[in-house]
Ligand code: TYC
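Next comes just one chain, in structure tokens: the form predicted alone.
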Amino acid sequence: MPESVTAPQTKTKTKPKVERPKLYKVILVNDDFTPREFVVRVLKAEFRMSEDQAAKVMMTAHQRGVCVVAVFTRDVAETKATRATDAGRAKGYPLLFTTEPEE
């Protein structure tokens, strides 16, 4: 009679599945009053962009009405959008950054 061979049973540890946090877009909304140089300065300071990157983002928002600046987790996106908007308000400009979920 043939003998059956059984594999030894091993206990596998299952890792709990951790979902990645949802990401949010920070969006620059164009206005006709905030000077372009100021927008570039805010983008460089708050979003750590180079002069060229900031100028391109500013021009895209100017031409299209809005531009996605960056994508972060919700807390970071909201903090950066608020700080950038507040920088404009502090100088009396209607500069606006918003956030929305990335799809």
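Quick caveat: nothing in here was measured; it's all calculated off a predicted structure. In this text, residue numbers run from 1 along the sequence as written.
Separately, the form predicted in complex with the named molecule exists; it is not shown, and the next lines address it.
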Report summary line: None of 74, 56, 48, 62 but one has a heavy atom within 4.5 Å of the named molecule in the model of the complex; the exception is 62
Query raised in the report: Using 4.5 Å between non-hydrogen atoms, is residue 39 touching the named molecule in the model of the complex?
Result: yes
Query raised in the report: With the partner left out of view, is residue 81 within 4.5 angstroms of the named molecule in the model of the complex by any non-hydrogen atom?
Result: no
Requested in this report: Would you check, heavy atoms only and a 4.5 Å threshold, whether residue 68 touches the named molecule in the model of the complex?
Outcome: no
**Report entry** residue 26 within 4.5 Å of the named molecule in the model of the complex, heavy atoms
**Finding:** no
Query raised in the report: Considering only 77-103, what residues come within 4.5 Å of the named molecule in the model of the complex, judged by heavy atoms?
Result: 95
